[in-house]
Every structure is written in C-alpha cells, then in structure tokens.
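Just one chain is shown here, as structure tokens, and it is the form predicted alone.
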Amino acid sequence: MPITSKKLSYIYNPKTPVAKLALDEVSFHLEEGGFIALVGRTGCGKSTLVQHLNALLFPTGGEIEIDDFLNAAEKKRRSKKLFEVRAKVGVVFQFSEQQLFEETVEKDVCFGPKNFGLSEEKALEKAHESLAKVGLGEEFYKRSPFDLSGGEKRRVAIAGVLACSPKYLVLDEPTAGLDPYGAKQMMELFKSINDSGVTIIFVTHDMNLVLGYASEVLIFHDGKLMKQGKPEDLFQEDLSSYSLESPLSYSFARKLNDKGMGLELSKCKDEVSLAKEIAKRKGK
C-alpha cells in the first residue's frame, strides 16, 4: 500500500509568540518501491515531514496515511499501535553514527529488533544479515563501534535500522560529511536496498544525487509542496526561486542540446553517462 498525505500541517510552538508553520497543507501520494527525494532549502519542512512518517510528530492539521496506519490531527482518528509504524518506517537521521551506544557492533545492531520483540537468537540473525547488507562481515561483530571509521560507524547505524526489516527507509541527509567517493558508496548501498524491494525516501541538498538516483522528487518551499515529479522533468524548469540549482551534468547537457547536440537528457545522470551520450552522438 502507498503513502498518502492530505492537507498535512504542523506548527511548532502553537499559540505562542514564536509559533512557526513548518508544514502548510501538504498533499501528495507515493507508491511503493520508489527512490524518492525530498528537496528544498533549509527550514522548508522536509525534516518535519520525515518525523510524521513514523509518528515522532503528530499533525496540527490534516493527516498522513502509511499503509493502514493513520497519523491524523484528530486524536480519535489516529492509529494506536505506534510500534507497528515505527518498525515499518525506519528512519536514519543525519550523522546517525552519533546514535551508537552499545559496547559491540553486534549488540548495537541487535538493539532495535529486540526492542520490537524478537528473541535474542532471531535478533542476532537479523543483525548478521543486516551487517552483511551494508558490507560489514564477522570481523566487525565484536568490535566496539567507537573504534570504527566514520563511514563504518554510519554503516553500523544503517544496519541497526535494517535489522528491524522496514518496508520504508527514510534517510535525512545520508551523505552529509562524506567525501565524494564515500557519498557514492553510500548511495550505491541504498540503491541495492531499494532494488531488494524497500522504498527509499531521502532528504538532500545535493541535486546531483537526486538526478543520479531518485525516481521521483518532491520540492518544498516555506512549508509548502511546490512540485512533484520525475527529476529529469523538474530540472528542465527554472528552480532558482526555490534556492535550487540543476545538476552540473544535466545543465551542461542542456547547453549542448541548445547547440544542436541532440543528447537524450534522461540518460545524462552524471559525468560518466554524459560522456557516453556525447560519444554516441559523435559516433553518428
């Protein structure tokens, strides 16, 4: 089943002099299986929306439905079993490696599934499966998470969420603080998770990642959802009013097409694919 938001609104510090409208009647529909990007400048409402997906926040107005779970402003209409949606919607927060706390990697990854009721044996099984998915083998099980590199710590944190078998994986700035090589490795990991059937929803400021990986993008501005669609369609428009820029490879491809190159823009996802498209045209 999909995710559907209907006039979702949220106000921080309501009925006070510092009240702030963070989400303003946001409505959208997302099908399962997508790799969905949430974009917009800082303070536009992206992270606030993320916290409604697993009921860390309750709406001030409207509602959002995740499968059969309803998070609504009207308390009587809200679904009661919060642990069910929090198991189904796994959230990996920005700099998630700072949330590690157990003495070994294995124990840290086991914490989530045990908290959701799995036995020690099943939790260990899930932990080992999840660590394998993020590229960490047996040699990491008994190590302290605090002795790992920054990238390895982040993988442990992601494994901890995956061990709960989420149907939806929500990522808040997943490549923050990583160098380009580390960011690419991280996004390829998420792509493999998405290919296994998990819906990915990620918040980012990097339009190159949006073009390279997203199947759909939602653009937010001052708490409102301004546009929703395929990245290659949205990047054909002027996004400067939302403080966004088109990815470099896409902008360059468009300029070449203005000169008559005839590139297939949907295939110009990055520098490598752009070069391949240029080579094709040159070969004709």
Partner chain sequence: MNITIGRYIPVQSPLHRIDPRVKIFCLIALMVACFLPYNRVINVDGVDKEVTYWALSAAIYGVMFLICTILFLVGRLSFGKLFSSMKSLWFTVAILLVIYILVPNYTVPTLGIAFKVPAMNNWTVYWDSFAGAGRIFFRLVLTMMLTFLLTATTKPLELTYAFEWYLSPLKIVKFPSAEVAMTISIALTFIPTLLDDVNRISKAQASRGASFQKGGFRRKVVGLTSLIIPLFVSAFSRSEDLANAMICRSYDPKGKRTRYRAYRFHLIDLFAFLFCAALMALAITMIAIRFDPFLSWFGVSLL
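All figures in this text were calculated on a predicted structure; none of them were measured in a lab. Residue numbers count along the first chain shown, from 1.
We do not show the form predicted together with its partner chain, though everything after this point is about it.
Contact annotation: residue 228 falls outside 4.5 Å of its partner chain in the model of the complex, judged by heavy atom distances.
Within 4.5 Å of some heavy atom of its partner chain in the model of the complex lies at least one heavy atom of residue 83. Taking the partner from the other structure, its partner chain in the model of the complex has no heavy atom within 4.5 Å of any heavy atom of residue 149. Interface residue remark: residue 56 is counted as part of the site for its partner chain in the model of the complex, having a heavy atom within 4.5 Å. Scanning 99, 194, 79, 185 against its partner chain in the model of the complex with a 4.5 Å heavy atom cut-off leaves one residue, 99. Of the candidate stretches 174-182, 198-206, 130-138, 107-115, only 107-115 contains residues with a heavy atom within 4.5 Å of its partner chain in the model of the complex.
Annotated contacts: 45, 246 and 275 are all free of its partner chain in the model of the complex [non-hydrogen atom within 4.5 angstroms].
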